[in-house]
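The chain that follows stands alone, in the form predicted alone, written as structure tokens.
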Amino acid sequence: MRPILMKGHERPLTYLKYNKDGDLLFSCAKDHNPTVWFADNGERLGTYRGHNGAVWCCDITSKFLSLRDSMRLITGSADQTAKLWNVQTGAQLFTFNFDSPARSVDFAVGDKLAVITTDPFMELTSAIHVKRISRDPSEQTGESVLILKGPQGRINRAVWGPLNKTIISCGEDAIIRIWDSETGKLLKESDKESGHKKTITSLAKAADGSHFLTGSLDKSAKLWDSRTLTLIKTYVTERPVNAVTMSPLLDHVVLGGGQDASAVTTTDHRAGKFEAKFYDKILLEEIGGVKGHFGPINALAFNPDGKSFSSGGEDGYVRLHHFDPEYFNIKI
């Protein structure tokens, strides 16, 4: 399995996302320019220029909203905006302005709503904003349908729960919360005992939305039920987890991370030792690892067909891995 090395970003990667068809890969980085690549050969298609700060997150609409229409991309940035883009032309369609950095963005199923989280800033607390997404960009407005406040510290991820009925959020306070997306009422919180002990850095939903995976600086990842917030599994590793993803095809969980702050100054003779670790989702066994990055892994994404995955590093590279046939026959 030879990785394809994709160079285009000048700063560390922050987020990776495939479109629903799995033919395009979108990458966000601290260099202000979200980029789109062909997911099979890693060729760069183009960049989306307009942000004036690090871009933390992105999402893509699932289908063409009408025949003459392109897919839409939404990006959240440290420049205190979230932007909507035409995927094909790279044109900016709309800018949502906030009073603090936009950290996480997620389209609802059906692409009629988006949830955007904003960071705490000066005296502002963190917040979760629900925005309506117009079919016609010229009718788009910046009004929020709902604004949720409450969690202390930064909210690193907020995503839609099953049937768009709920919003699942997590972040610095290590608690996962489920909110009613209509009323804004807090429905559930993960309990302190079974939950994460440090900042939750990442969240990945299963393909069917029934469960989701969280990664944390407490050196673990946890699998949760999306409706009941029951803890299903815990994966323990030896370094902080910055990124998580799940195979849509096999029962595999992939964790990517960094090293402890104390070890940052000591370089290892095995360069490129930062690896994406594969675990058996059910048995919790480590299956293997994919090395290669020269710094912590900040982003991971599985292609929706389950036959390839990509990782984005602090080193500014995106590495695209197409699995060998043997991968699909791994037995434990």
Partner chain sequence: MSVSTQNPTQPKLRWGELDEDDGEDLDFLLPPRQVIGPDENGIKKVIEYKFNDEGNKVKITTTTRTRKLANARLSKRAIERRNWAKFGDAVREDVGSRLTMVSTEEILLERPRAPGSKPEETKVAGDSLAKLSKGGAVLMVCRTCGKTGDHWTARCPYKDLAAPSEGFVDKPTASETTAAAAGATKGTYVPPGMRAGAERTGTDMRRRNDENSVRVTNLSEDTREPDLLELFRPFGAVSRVYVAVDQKTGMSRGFGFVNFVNKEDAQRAINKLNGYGYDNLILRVEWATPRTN
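Residue numbers count along the first chain shown, from 1. The model shown is predicted, which means the values in this text are computed figures rather than measured ones.
One more form of this protein should be noted, the form predicted in complex with its partner chain, which is absent from this view; the next part is about it.
With the partner omitted from this view, the residue of S210, T228, Q88, T183 that lies near its partner chain in the model of the complex is Q88 [heavy atom within 4.5 Å]. Among residues of the shown chain, V36 is one whose heavy atoms approach its partner chain to within 4.5 Å in the model of the complex. Using a 4.5 angstroms threshold between heavy atoms, N41 counts as touching its partner chain in the model of the complex. Although the partner is absent here, G53 lies well away from its partner chain in the model of the complex, with no heavy atom inside 4.5 Å. Mapping the unseen interface onto this chain, L284 falls outside it, with no heavy atom inside 4.5 Å of its partner chain in the model of the complex. At a distance of at most 4.5 angstroms from its partner chain in the model of the complex, none of the three residues W160, D191 and L249 contributes a non-hydrogen atom. The partner is not shown here, but in the model of the complex the stretch 1-16 reaches within 4.5 angstroms of its partner chain through a heavy atom at M1, R2, P3, I4, L5, M6, K7, G8.
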